[in-house]
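Just the one chain here, the form predicted on its own, laid out as structure tokens.
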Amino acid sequence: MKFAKFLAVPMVIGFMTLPLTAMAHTPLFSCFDNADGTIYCEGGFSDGSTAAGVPVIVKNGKGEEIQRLVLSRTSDVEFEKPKGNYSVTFDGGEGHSIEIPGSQIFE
């Protein structure tokens, strides 16, 4: 009986925190080369919530920031394609960042 009480407390705590884990959302981010000298990116979260206002950072091949943008009201952004190597980062906060190398952005 004592053993059952000993296990009951951690199980209750586990079940109480389970919904918090289930409510976590994963960032989604994709970019496309428009073949007209511009890059189009769109973002969001797996739970359907908007990513409007999330910073998007464009870095050159040395990792230096060359543009800082934000996703629009419709969770997208378009910018001029940088010359040379570059990457695009969706900065949704700690644990919610996604970096896409320019070499993986296709038409």
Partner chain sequence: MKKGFILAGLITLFSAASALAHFQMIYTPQSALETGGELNLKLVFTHPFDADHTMDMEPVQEFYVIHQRGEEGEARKTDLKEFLHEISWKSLGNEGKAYEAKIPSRVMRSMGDYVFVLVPSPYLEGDDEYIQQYTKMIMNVGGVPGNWHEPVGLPVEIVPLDKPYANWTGGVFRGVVMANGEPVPHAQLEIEYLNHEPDMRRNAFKKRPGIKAPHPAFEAMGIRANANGEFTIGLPKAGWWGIAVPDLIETEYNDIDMVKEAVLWIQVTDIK
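Every value quoted in this text rests on a predicted model; they were computed, and no experiment measured them. Residue numbers count along the first chain shown, from 1.
Only in words, not in the display: the form predicted together with its partner chain, which the text now covers.
field: All of Phe45, Thr50 and Asp76 within 4.5 Å of its partner chain in the predicted complex, heavy atom check
entry: Yes, the whole trio is in contact, each within 4.5 Å by some heavy atom.
- prompt: Any of the heavy atoms of Ile57 lying within 4.5 Å of its partner chain in the predicted complex?
  reply: No - in the predicted complex, heavy atoms of Ile57 and its partner chain never come within 4.5 Å of each other.
- request: State yes or no: in the predicted complex, is some non-hydrogen atom of Leu28 no more than 4.5 angstroms from a non-hydrogen atom of its partner chain?
  value: Yes.
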